[in-house]
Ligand SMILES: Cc1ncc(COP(=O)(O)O)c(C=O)c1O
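As a starting point, one isolated chain is supplied in structure tokens, in the form predicted alone.
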């Protein structure tokens, strides 16, 4: 294996050593297996290929200051996958099986776990997908649960950097009472085209409004939204927003730091009142926003309104403080008073 350049890791698919998987059929899960074959074989009529019957999770493992290896809040990921699987009518592994297989995947790929102190981590991707061959639009209890992982670096290197986001006038993320609050693969498929246009115009993120009235902030294409107003952390309360584990964690971190937390509907007009604004999710932890532009049609030039928070590349003090604290817990630099880390023996 070629030496890994730990300081210049990106965030992408990376071929590690093993994948862990189990097959659900006839009412039970098979004994989890490890394989070094990075491919799956399935019937061409498999549910996942025709009807997108799949969901996934994302969590991270860290090599901490004292040498221990920690999975960060895997119980929350297990619960969220169970909720999504129920929505799709799929079988789902228990919390114990979910966490055990995530740990097995990390243990099977220890040489790819970044050292402490580099701002890098091991991204763990549990994936659940339907494999029963069928044409009928009915759920069928046959699935594969697989866990893979990859070493990932910080999106920002040594320091946070702010970026720009656009509110597209011609795209909605999801419908009321739809699938928006579930982590299904199909939700992300619909963001590829608008992200392409946004990136071509210099925007790193897309911020969606609620599709019913387009009067309230919903979430970004990849993550939850939060804003800082004085000493208050504000994040949208919406039935169509994914219940982000990072957002949940940041809310507690904000309270620990003496801040107030408000989870409530966030009117579009309130974007002008925030001191700082950001996205949050497992991959980046926090994505600070320099500004958010509201565009009538995303792929055409022109901005109808702009909400500015800081100069391009700069980051507000509260986002810095929140990011630093959550990373300190993940890296084992401060006590884990909330019991968020699940340690892996090896």
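Positions refer to the first chain, counted from 1. This structure is a prediction, so every number in the text was calculated from the model and none was measured.
The form predicted in complex with the ligand exists for this protein as well; it is not shown, and the discussion that follows is about that form.
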Testing 180-188, 161-169, 270-278, 98-106 against the ligand in the predicted bound form with a 4.5 Å heavy atom criterion leaves exactly one stretch, namely 180-188
Of 54, 290, 282, 64, the one that lies within 4.5 Å of the ligand in the predicted bound form (heavy atoms): 282
In the predicted bound form, the residue from 251, 84, 238, 224 with a non-hydrogen atom within 4.5 Å of the ligand is 224
Just to confirm, residue 121 within 4.5 Å of the ligand in the predicted bound form by heavy atoms? no
Does at least one non-hydrogen atom of residue 152 fall within 4.5 angstroms of the ligand in the predicted bound form? no
At 4.5 Å between heavy atoms, is residue 206 in contact with the ligand in the predicted bound form? no
Indicate whether the ligand has at least one heavy atom within 4.5 Å of a heavy atom of residue 210 in the predicted bound form. no
Where, within 63-95, is there a heavy atom within 4.5 Å of the ligand in the predicted bound form? Residue list please. 80
